[in-house]
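Below sits a lone chain in C-alpha cells, taken as the form predicted on its own.
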C-alpha cells in the first residue's frame, strides 16, 4: 500500500485531468468509481493502472464485503477523505476509484459475429451506457461508434454500463461510412430504422446484419441512410411516433435473441 496525502501530488493532479475527455484521449485512460465496478474490473482483468481508496472507505462494510480479499493481493493507494473527494466525480462517493487503460491495441472488427451494432451520433451518455449494457446482455462483444457519438469513457456512460464496458470492445470509427462499406464488403447488410419504412423490424432476418442506431433527435445520418440495404420500422400501437434510442436498440437486439433461440 502507498499513501498520498497532498493534493499537489502529480498522480492526484493526473487523475483530476482524466475527468476531461481530451485528457482521457491523450493518455488513453479513464476513471471508474464504486466498489462493485472496481471489483468487476479486477475480475474481468481490465487494464487497471491504479486503485485509490479513501481512509474512510478502507474500513467500510461495502469494501469489506466486496474487496477485502482482493486488496490483500492487489497494490493500491490510500488517500485522506478530502483528497478522495477532490478526485471523485460523484456527489456521495463510496471511496473506491480506479484508473483504467483503454483497450485499444489490435481491436479489429470481428466479422464472424451474427450481427454488428453501430451507433451513429448517439448523444446522451445514459443512452450510450444502457446500449452497451444491453449489447453485452445479448452476447455482443463489439460496438462501432461514429465520431459524433458521446464519449464511451464518460463517467456517466461507465456507470450506466454496469461493468459491460469491460466486456464489449468499443471501436471508434474515424470514417463511419467507410467502416459500414467495409462491413458490406464482408457480406453484411446494413439495416437502419426509418419511420417512413413500411417494413417491420420483425420481418427481417437478423443474420449477417449491421444494425445502425441513429441520433436521438435526428435519427441516422444521411450518409448511413444512403448506404442502407434495408430500412425497417418498429411497429407501435399508441400515438407515440418514436422511441428512446436505447429502448429501440433493446427491442431490435432482443428480436435477434428471439430469432436465435427459436432455431
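Every value quoted in this text rests on a predicted model; they were computed, and no experiment measured them. Residue numbers count along the first chain shown, from 1.
The discussion below concerns the form predicted together with a further copy of the same chain, not included here.
K.L.:
Please determine whether each residue of 139, 236 and 247 possesses a non-hydrogen atom within 4.5 angstroms of a further copy of the same chain in the model of the complex.
P.N.:
Verified in the model of the complex; spot residues all in contact, yes.
K.L.:
In the model of the complex, does residue 4 come within 4.5 Å of a further copy of the same chain, counting heavy atoms only?
P.N.:
Because no heavy atom of residue 4 falls inside 4.5 Å of a further copy of the same chain in the model of the complex, the answer is no.
K.L.:
Can you check whether residue 164 is within 4.5 Å of a further copy of the same chain in the model of the complex, heavy atom basis?
P.N.:
Contact with a further copy of the same chain, yes.
K.L.:
Spell out, yes or no, whether the shortest heavy atom distance between residue 130 and a further copy of the same chain in the model of the complex is within 4.5 Å.
P.N.:
Close contact exists here: in the model of the complex, residue 130 approaches a further copy of the same chain to within 4.5 Å, heavy atoms only.
K.L.:
Is there a heavy atom of residue 10 no more than 4.5 Å from a heavy atom of a further copy of the same chain in the model of the complex?
P.N.:
No, residue 10 stays farther than 4.5 Å from a further copy of the same chain in the model of the complex.
K.L.:
Going by heavy atom distances of 4.5 angstroms or less, which of 88, 94, 134, 154 would be at the interface with a further copy of the same chain in the model of the complex?
P.N.:
That would be 134.
K.L.:
Using a 4.5 Å heavy atom cut-off, which of 205-213, 23-31, 46-54, 227-235 contacts a further copy of the same chain in the model of the complex?
P.N.:
Selected stretch: 227-235.
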